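This document contains two forms of one protein chain, each encoded as structure tokens and listed individually as structure 1 and structure 2.
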Structure 1
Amino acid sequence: MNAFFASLARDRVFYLFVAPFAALTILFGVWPILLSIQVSFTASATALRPNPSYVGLANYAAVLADPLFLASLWRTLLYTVLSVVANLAFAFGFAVLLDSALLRRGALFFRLAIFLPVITPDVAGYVVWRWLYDRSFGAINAALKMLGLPAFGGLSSADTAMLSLLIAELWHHAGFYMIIFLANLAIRDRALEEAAQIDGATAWQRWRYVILPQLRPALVINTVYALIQFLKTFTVVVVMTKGGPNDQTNFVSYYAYQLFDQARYGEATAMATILFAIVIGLSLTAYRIGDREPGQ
């Protein structure tokens, strides 16, 4: 009996330890999410009143019938796929290069150069990129002109705006994925490679069958992180394009925010819930594919 009370007393102190963490999680996480889901079932005009009028799934129906939203969702998915592939390919390639025996001197400098943008405030980085792309101020078009190359439309042309955001975001994010690949490369079992080499495996075979399977954890983590990251793309749009030109960069996060700004709370939160479902669905799928044993 004494032991029981002792363990109860011990448990009690852990509730005390966890209380501030739980309070912040509930106040600024769980509550706002529930509130947002609740608002998505109410009429926008009454959403903030104490007794909002509930409209069932009307906001979801309105959102899913909105051609602008569907176009925005499609562009968000396209941008996400392109960004995930570009970022991971670049990060993987650069990590392998830095890890190889080819670049023994200066590896730290290269790593810092690629990683520095990750800790640079995104607003500051994107503000600089916005002006780098500028037709009259920008260094990019000035450099292209100097090299005798055709001008780059940058943010002002509907054809190149998405690509411009992708480049700026790659600059900001790729270093993060790179250090995760590097961390994974550093803990791999090099004895396996030597054994494979002794057994006569070619460089390609060593990569394909010995090293790559060991990089699976980094690949899964990076894919999930990048998916979540780029589905939510927001800051770069606010700083550089405001959704333009011609809605070419009006991704879901920004579109929902615009609706919120116009006090269309019901539709804005319905969009947020839809995006949330997509993020969770895709991340779980990526985890499940990644967790499957190779060969199964």
Structure 2
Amino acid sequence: MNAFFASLARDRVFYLFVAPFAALTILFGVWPILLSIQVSFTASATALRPNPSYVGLANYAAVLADPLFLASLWRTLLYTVLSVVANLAFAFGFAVLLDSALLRRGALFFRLAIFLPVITPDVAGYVVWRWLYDRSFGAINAALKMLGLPAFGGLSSADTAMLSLLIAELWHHAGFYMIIFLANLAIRDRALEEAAQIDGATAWQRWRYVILPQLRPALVINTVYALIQFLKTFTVVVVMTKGGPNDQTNFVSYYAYQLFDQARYGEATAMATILFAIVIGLSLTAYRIGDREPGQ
């Protein structure tokens, strides 16, 4: 106990700076989550009353028996996998290109061009994409028509709606992951590459055994962040598709929002809690796998 208080006294400046942020996190982060979980165990008609009626796991049973929820969950997981792979692959490829000598002259321009969408307001960006995809007067189909190519279904076709959202979110988020890859590339130990080259290692061998292992922290961070980002996809759906067409873009977050809008608070928060558990579980799993030492 004395050692604990001695440590507390020694690090009091650290705790003094951390305390305001910890308090804000608990107040505006942890506390609302706990309240949401509590609501998921109550009857919707009484959920917002001072003394709600608790129904145990009834809301969870109803949600798990709902085929629309199960379909939206599968759709969310599929969209997340596709988005994570596409965003990280694009970001990694462009980071490697910008780090090479090929784009030295225009590197700053390309970095700004790719990162600018990250700081563009979500709604403004997605409104522009919705216009681009419009089948009647959108720029994409206008360009395809000029080239004599078939029209792109965009947001109005069930076959292309999810792809359309994926492209829009790739534009909006990939720059963030690219910056993290670039930062990791900038601090890597180049002496190891020179030593490997002197020892006769090929360019591929240097990438495979020297450079890529040093990029694992960036890969882990980006993977975890991307999983969280795309599992809770919401804004792009609200702005561009409203879950359509034929529910092909009705992900869990948006479906829960629809139920909440219908005053089905218990089921909506049950869905949100299930999604929260999946986000935490997959993120921790990805972190543990990425943080594991090679050969373990």
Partner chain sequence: MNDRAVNRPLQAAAYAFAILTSLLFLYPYWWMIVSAFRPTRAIMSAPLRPWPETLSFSIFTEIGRIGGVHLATYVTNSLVITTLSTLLGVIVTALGAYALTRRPKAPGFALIRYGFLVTIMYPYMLLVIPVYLVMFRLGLLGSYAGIILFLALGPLQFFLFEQFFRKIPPEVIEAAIIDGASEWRILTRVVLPMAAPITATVALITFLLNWSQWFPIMVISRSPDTYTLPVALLSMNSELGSNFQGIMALAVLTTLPITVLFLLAQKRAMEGMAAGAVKG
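Keep in mind that this is a model prediction, so the values were computed, not measured. All residue numbers here refer to structure 1's sequence, counted from 1. Take the two forms, find the largest set of C-alpha atoms that superpose within 1.5 Å, and that set is the rigid core.
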query: Displayed copy of the chain that is the form predicted alone; finding: 2
query: Post core alignment: residue 277 C-alpha displaced by 2 Å or more between the two structures; finding: no
